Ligand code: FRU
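One chain is shown next in structure tokens, namely the form predicted on its own.
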């Protein structure tokens, strides 16, 4: 964590509690907040990385409260374990922006995130069309206690319910991480001779599955779908352009929006209780 408390001169102190920095998407979120903050020299932001540890994240928030932050931004590792500390912060008078992953209840100032259930349904519709309504699918899931993993799965399975010819034959957990997805995909490949498509809850897991399939010489017979759609050489957009992924669905980090909302809150302006960010499907352009 950087920073050691409120500086003199009237600067406002924002504590940002991040679930982890093991996912490129979360690194991009931090970078987006830092970039947006450059336009606001009256703000000081201190960062904490919970490293996918609920107890550590609770301690991070408690530390922020001891520092008497003027506002808390939190992207919870898991909903249930983080709900009490977020509620405590909010009820103590600290404005709270919950970013990306939800908590239980509504004891916060603003939630910012995309509709993960809708993204899951959109991914399911794409998969159904890509497979012509028939085939064997592996679903690689994110951290089970996180709301995006739950909603991306529920939305996907809602779409799949309309296509009985598509079977989800394997649905391991890889906790959002590429290396874990590689290991889980190796097990899926050993267990199933026929896999037509892999739907992963984020792009790093989708690419990890692709790497495992390529190592077994099966990447050309399986399609891979992810979520995040980050730009850059290591992002999902490039993976689609390179032919590793058949599609990805953009999941905005919300970093810029979080900073914008924070500025309004600190200025005493009214803000919405929920901000739903847009998504879009990214596929490779058709080759003429």
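Owing to the predicted nature of the structure, the values given are computational and were not obtained by experimental measurement. Numbering follows the first chain given and starts at 1.
Only in words, not in the display: the form predicted in complex with the named molecule, which the text now covers.
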In the model of the complex, the one of 113, 208, 148, 124 near the named molecule [non-hydrogen atom within 4.5 angstroms]: 148
Check all three, 139, 178 and 199, heavy atom within 4.5 Å of the named molecule in the model of the complex: no
Which of 162-170, 130-138, 187-195, 97-105 sits within 4.5 Å of the named molecule in the model of the complex, heavy atom basis: 97-105
Touches the named molecule in the model of the complex: residue 60 (any heavy atom, 4.5 Å): no
Partner proximity in the model of the complex: residue 20 to the named molecule, non-hydrogen atom cutoff 4.5 Å: yes
The named molecule contact in the model of the complex: residue 237, any heavy atom under 4.5 Å: no
Partner contact for residue 244 in the model of the complex: the named molecule, 4.5 angstroms, heavy atom: no
Stretch 221-239: residues contacting the named molecule in the model of the complex, 4.5 Å heavy atom cut-off: 228
